[in-house]
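As C-alpha cells, one chain now follows by itself in the form predicted alone.
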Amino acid sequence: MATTASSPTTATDPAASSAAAATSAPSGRRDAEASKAAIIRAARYLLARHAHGDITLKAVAERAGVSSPLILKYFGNKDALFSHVMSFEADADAFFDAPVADLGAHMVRHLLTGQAERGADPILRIVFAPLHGEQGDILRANFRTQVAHRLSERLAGPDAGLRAELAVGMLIGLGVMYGIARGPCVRSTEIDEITDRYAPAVQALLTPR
C-alpha cells in the first residue's frame, strides 16, 4: 500500500517561537539604541551652537528625525536629556581605553577619528561652556571630574594633576583646529600622520620624568 507524506504540522513550535522572539528583540533594542544615539547627537549639535535655554525639545526632535514624545519616553524631560549630554563619562571610557604607555597615541587617534567619521569629539563640548550659564558650570564640573581628574588618577609620578590638565589642553587645541577652525592642512593630512607627529608631545606629559 502506498504511503503518503505527512503534512507539516501547523502547531506552534515553542523552539521556533523562542528563536523568533530572540531574533526580533535585539532588532527592537537596536532601533531604540539608534534613536537614543540620534537624539544625543542632535542635542550635542544644538548645545554647541545655542544657549541651553534657547534649545527646545522640538528642535532636538526635528534634528534627530524623531518625535518629541519619543525623547520624553527615553529621557523623561529636557533637563534629564541635557544632564546626559553634559556628562563625559561614557565618552571618557573609550577615550582612556588604552594602557598609559600608549594613551597619547590612542587619545589623539580617537579624537580625530570621531571628528572625521562622526563629527563628534569626546571632549570638545567643554569649549562651549560659556554659552550655557549655570548649565555651563555643570559642564565644567563634569569635565574636570570625568576627564581631567580621571586622567590624573592614572598617571604615576609628581604633578599628575598638572600633567593631565596640560595633556587634555593639547587635545582640546587639536580638536578645535580640526573640528571648529577646520584647518585645511590638518584636515587634509592622514590621521596616522597627525598621530605620529602630535602624540609624542601628549605622551611626554603622561610619562613621569
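Just count from 1 along the sequence shown to find any residue number. Note that the coordinates shown come from a computational prediction; the quantities given were computed from them, not determined experimentally.
Only in words, not in the display: the form predicted together with another copy of the chain, which the text now covers.
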| said: I'd like to know if R63 sits close to another copy of the chain in the predicted bound form, meaning any non-hydrogen atom pair within 4.5 angstroms. | reply: no
| message | Please determine whether A156 contacts another copy of the chain in the predicted bound form, using a 4.5 Å cut-off between heavy atoms. | response | no
| field | Contact label in the predicted bound form: I191 to another copy of the chain, heavy atom within 4.5 Å | value | no
| Is L166 close enough to another copy of the chain in the predicted bound form to count, meaning some heavy atom within 4.5 Å? | yes
| Contact check for F96, R109 and A120 against another copy of the chain in the predicted bound form, heavy atom at 4.5 Å | no
| field | Heavy atom within 4.5 Å of another copy of the chain in the predicted bound form - residue from A129, A92, V100, L72 | value | A129
| In sequence order, which positions of 170-196 have a non-hydrogen atom within 4.5 Å of another copy of the chain in the predicted bound form? | M170, I172, G173, L174, V176, M177, I180, A181, R182, G183, P184, C185, V186, T189, E193, I194
